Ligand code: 2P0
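Just the one chain here, laid out as structure tokens, in the form predicted alone.
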């Protein structure tokens, strides 16, 4: 992929004069996790995070404006959105309208190809696509840093899905406007590292405890959280060096321990937050067995029971087959490095 193509994907801000816009974004999986907020209203992370955008599970979002639209409407996969899902989209549209100096209502249509709320980064792809489409429809001309800050207001992980391949989201420093300006995502150039990620679909159902509620509880009550946050800074420095070397084993080791440490902080919360199921633990055992047999494979898990396994592309089919055999009925999807969020052609009317 050329450098020019990367920049075009990372700055999906043109054209800007349309009455409607459609954007596509892919989920990203954090290798160094974001968990906990410095500021919940501004959605500013407490720790830096680093991720890999995938080439599977795209979200496609269209934002339409016009005099016939009297009030905001939101549909998700063909059904009217309700409750917290609708509230978050409307709040995001209000933020875009405020910046654009507009009061126009919008019709928002989103299609997810990944289960929503199951720990498979649907909020990352969802709000990245919404940010790109809404900014274009309302005529905002944003550079890629400004766009990442905007996407972050919907979901901190969404700021990373603006970029192809690997990206880092910087935690906020200070408070208020200073924290807002200091928290944004940017691409991490890793030209020689192109691994596979096998996604083990342990459970497609929405999780019982939302990420937002779980983060708050963990930060406020887990005695392990401060130590994990401090160790995560060291993990980030180590994994960046490993990425530059294209060292999958080193990348995987750091990613797996960072993930397991995050889940340990949740288990130590009062009361505990437990996303790991019995099937999750079985998959983790299978990943460990793969390494014992000489196959470099490393697990990472977000806020849910589903496991993602980092491995060499040449090993992906074997890893997927082994993982499927570890749990009856388990399905897998194999992903690679994916594209950043982008507008579809034909913006405007």
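Residue numbers count along the first chain shown, from 1. All of these numbers come straight from a predicted model, not from anything done at the bench.
What follows is about the form predicted together with the ligand, which we do not show.
Against the ligand in the predicted bound form, the set 30, 154 and 303 is in full contact: each member has a heavy atom within 4.5 Å. Shown alone, this chain has one stretch from 209 to 217, 67 to 75, 181 to 189, 248 to 256 that lies within 4.5 Å of the ligand in the predicted bound form by heavy atoms: 209 to 217. Of the heavy atoms in residue 43, some are within 4.5 Å of the ligand in the predicted bound form.
Although the partner is absent here, residue 324 is not a contact residue: none of its heavy atoms lies within 4.5 angstroms of the ligand in the predicted bound form. Proximity of residue 167 to the ligand in the predicted bound form falls outside the 4.5 Å heavy atom cutoff. When contacts are judged by a 4.5 Å heavy atom cut-off, residue 298 does not count as touching the ligand in the predicted bound form.
262 is the sole member of 150, 262, 89, 197 with a non-hydrogen atom within 4.5 Å of the ligand in the predicted bound form. Out of the listed residues 318, 291, 312, 37, 37 is the one that sits within 4.5 Å of the ligand in the predicted bound form by at least one heavy atom.
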